[in-house]
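Quick heads-up: it's one chain on its own, the form predicted alone, in structure tokens.
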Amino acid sequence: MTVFESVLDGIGGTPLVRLRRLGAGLRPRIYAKLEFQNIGGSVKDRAALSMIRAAERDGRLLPGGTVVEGTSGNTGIGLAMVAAQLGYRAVIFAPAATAAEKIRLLRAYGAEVHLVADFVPRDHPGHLASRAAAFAAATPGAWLAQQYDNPANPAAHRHTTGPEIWEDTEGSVTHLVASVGTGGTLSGTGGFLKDASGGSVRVVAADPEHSRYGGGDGALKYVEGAGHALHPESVEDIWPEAFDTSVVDQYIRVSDSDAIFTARRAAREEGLLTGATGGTALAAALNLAEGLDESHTIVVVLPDSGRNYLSTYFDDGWLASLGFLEPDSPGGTVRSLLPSDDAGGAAPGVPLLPSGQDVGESMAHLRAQGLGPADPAFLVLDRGARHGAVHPREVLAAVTLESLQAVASQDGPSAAALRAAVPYRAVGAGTPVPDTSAHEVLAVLVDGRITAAVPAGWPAGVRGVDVEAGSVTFSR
């Protein structure tokens, strides 16, 4: 039996497990690196210990000091655990949308947690990183971990994760697949494996489809801890210094839906409970494997446990509320209120207006699309070209021609369109038809994004609903 002198000795040394059921029918060998078996439950334990030890060596963190960081959860949990063992105070700034399980874990380790707005411009004083930096600067004895730019982050993986994979595969690994958050895991592990193999190991970055790393538009995503979102009003797009992009040979982009449901498959087919970041990496690894043969060995990093997301990715009610699941409903669902095409009911899309438009511009835009007075559109953060779907947290308001005209009659066509906001509620397409106010717009979510809307005035304004055909006619 292994005996540890402290919990810190339980960081690292995680196993590889072959994915025989998920990999059935695929020719390469696929192994998962189970980073949730680190003592604190995630791959971030390695970086947390490495960063704290480096700060101690450099004299930046002294006995009785305070460890501070802005994080979506796992790095904070690792820092809080290490801080508890070593006698430091831990203060963590986390996004308000962080899974509840992670926040409870942080507090369980004794960390002081501050929940902050998680989608503001990077240079805004309310940004997660800005809040953490301001607190650290104002607190005597505080040390800011700065995981995104701290060289001790990728160094942890160059010294531990990479060598473990190389040794456990006896040098047979040909591909590493991992997601990119700070970039530390991919850069350190991938850098080591490239050096050890003489450059033959290929490093694949699994990235949420909207992430800027892999070429996405930077829109918000549902996968915590992976990818890079960018608020459109940010002055510049700042990438982490911990992410060595030269290590990456290929990006594979993965949708939120594929990430979530691949994680659920892993639990039900392999008995491996991992989060959607692990689901992102698994989906990318399975995609990669389709083009490889028996001579290849893929190692995919599963960074944390699905226990952190039992209230989200593994909760059918949560998924249905966002349109990722559409369970059977005896009373009909929100989708039954939408017009459908002949191919089986694809969501028709919804008009989207850049937030900077005035009332006159918005009215002209909606009239050009042939919309009626009550047909809703949404004012959204301006990302340029849009394709009829948007993350609900990027929506600033719902408007209609009628509401815009009301503002124009009072304030003139140059007034801000935001003044024409009408009440709206986001609902999953597969949820039961809800009770609603006569003036409330329903923003319909499919796979987590608003892809359609039901005009204000229903159900009184609904002349007929054919649930089986999925069509509806609105009275005017």
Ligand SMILES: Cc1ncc(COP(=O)(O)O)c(C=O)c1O
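Residue indices: 1-based, along the sequence shown. Bear in mind the structure is a predicted one, so any value in this text is a computation, not a measurement.
As for the form predicted in complex with the ligand, it is not shown, yet the points below apply to it.
Asker: Contact with the ligand in the model of the complex for residue 211, defined as at least one heavy atom pair within 4.5 Å: yes or no?
Answerer: Although the ligand is absent here, residue 211 would stay clear of it in the model of the complex, with no heavy atoms inside 4.5 Å.
Asker: Hey, in the model of the complex, is residue 260 touching the ligand, heavy atoms inside 4.5 Å?
Answerer: Looking in the model of the complex, residue contacts with the ligand do not include residue 260, since no heavy atom lies within 4.5 Å.
Asker: May I ask you to state whether residue 180 is within 4.5 Å of the ligand in the model of the complex, using heavy atom distances?
Answerer: Yes, residue 180 is a contact residue.
Asker: In the model of the complex, is there a heavy atom of the ligand that lies within 4.5 Å of any heavy atom of residue 161, even though the partner is absent here?
Answerer: Looking in the model of the complex, residue contacts with the ligand do not include residue 161, since no heavy atom lies within 4.5 Å.
Asker: Please pick, from 279, 78, 190, 184, the one residue with any non-hydrogen atom lying within 4.5 angstroms of the ligand in the model of the complex.
Answerer: Spelling it out, the residue with a heavy atom inside the cut-off is 184.
Asker: Taking 4.5 Å between heavy atoms as the contact cutoff, choose which of 394, 224, 256, 375 touches the ligand in the model of the complex.
Answerer: When the ligand is considered in the model of the complex, the option within 4.5 Å is 224.
Asker: Pick from 297 to 305, 319 to 327, 261 to 269, 81 to 89: which stretch has a heavy atom within 4.5 Å of the ligand in the model of the complex?
Answerer: It is 297 to 305 that comes within 4.5 Å of the partner.
Asker: For 307 to 322: residues with a non-hydrogen atom within 4.5 angstroms of the ligand in the model of the complex?
Answerer: Result: 309 alone.
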